[in-house]
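Next up: a single chain in structure tokens, the form predicted alone.
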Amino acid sequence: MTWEIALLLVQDGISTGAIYVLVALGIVLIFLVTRVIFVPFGDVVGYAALTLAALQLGQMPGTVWLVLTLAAIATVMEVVSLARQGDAHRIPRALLFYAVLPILPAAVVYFASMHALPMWLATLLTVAVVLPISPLLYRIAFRPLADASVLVLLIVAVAVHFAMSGLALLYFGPEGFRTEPMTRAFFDLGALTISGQSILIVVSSALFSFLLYLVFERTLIGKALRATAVNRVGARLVGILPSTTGATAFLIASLLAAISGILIGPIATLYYDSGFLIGLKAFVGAIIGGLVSYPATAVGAILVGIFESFASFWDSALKEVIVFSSLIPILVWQSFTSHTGVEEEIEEDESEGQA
């Protein structure tokens, strides 16, 4: 291996890792706020990429039917729940959040798909129609089990993943799709040639990571999310509803997933189940950060991207095996350095349930 090839592999790894950064940050955000290891996160990324590809081909994306189905289920669940609790006066607000707001972008995408769309408009519509997916999944599958153990929530997340993957096969078929690049520019830096798309990916990842930092540090919503992540019982005592912060965390994560899908679409051919591997690789980066540290998660995701790039060069058929095998020493190391045991987690869950 020459140093030119090594530089090329590092550049490719950073580009891929920048996408994993957004996915990993979303996974950590959801876990800290709701204790849910959101396995379907990669599926949402895949839906975003496939939605943009369908719009570019002049086809109606199946994501529209997914959003309509989830909105109908979530609306019925919320209305029935409010009626049983005697809070009928809150039903109009529930209809606004669970029916009107999700259906509106889906309807716009449905009619817009009949026309040729410029890149910027197709991108905005993709983000708009993908945005409600994660909050709706939270309302349907995870909010009713908010006080369940992490293991139960993980089992439910795996079940949701299989449902999402099966629906993606139904809506988009088994064919692979690759979206048009947002820029075809190339820049020569000595022996290294960098594509404009790679630069766009890295810059976008850095920008959205910085915006996420500003949300946590400068806004009340971010502080409420941090409070729920640190102490759910304390957050309740000061008037912060975990259900509200949970929905907000899923909404932000859905935005990160949409951006990730849009960015990865031009550099990889995606199939209905490709998002799962993307989510797993980002999860490795999140594990490096211990599922608690955003900066460490970002660094871990970049390292995973670089590691995958070199593994693909050595043996492309075994690159996934090599990347996922790196979890073993990471987990062994964290098992020796972690100070939180299973008993402590059980006691914390019991105290929250009593509160």
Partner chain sequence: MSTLLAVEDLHVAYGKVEAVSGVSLEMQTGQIVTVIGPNGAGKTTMLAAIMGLLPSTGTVRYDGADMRRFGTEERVRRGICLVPESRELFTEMTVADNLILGAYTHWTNRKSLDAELDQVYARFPRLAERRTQLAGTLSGGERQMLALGRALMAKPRLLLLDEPSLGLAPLIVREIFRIVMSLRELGVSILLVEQNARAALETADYGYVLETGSIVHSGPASGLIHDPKVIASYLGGKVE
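Given the structure is predicted, the values throughout are model-derived calculations rather than measurements. Positions refer to the first chain, counted from 1.
Beyond the structure shown, there is the form predicted in complex with the partner chain, which is absent from this document and is the topic of what follows.
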| request: Just one of 254-262, 219-227, 174-182, 206-214 has residues with a heavy atom within 4.5 Å of the partner chain in the predicted complex, so point it out. | output: 219-227
| said: For the three residues 235, 239 and 242, which mark the spot I'm curious about, does each lie within 4.5 Å of the partner chain in the predicted complex through at least one heavy atom? | reply: yes
| Is residue 231 close enough to touch the partner chain in the predicted complex, meaning at least one heavy atom pair within 4.5 Å? | yes
| Would residue 86 count as a contact of the partner chain in the predicted complex, using a 4.5 angstroms cut-off between non-hydrogen atoms? | yes
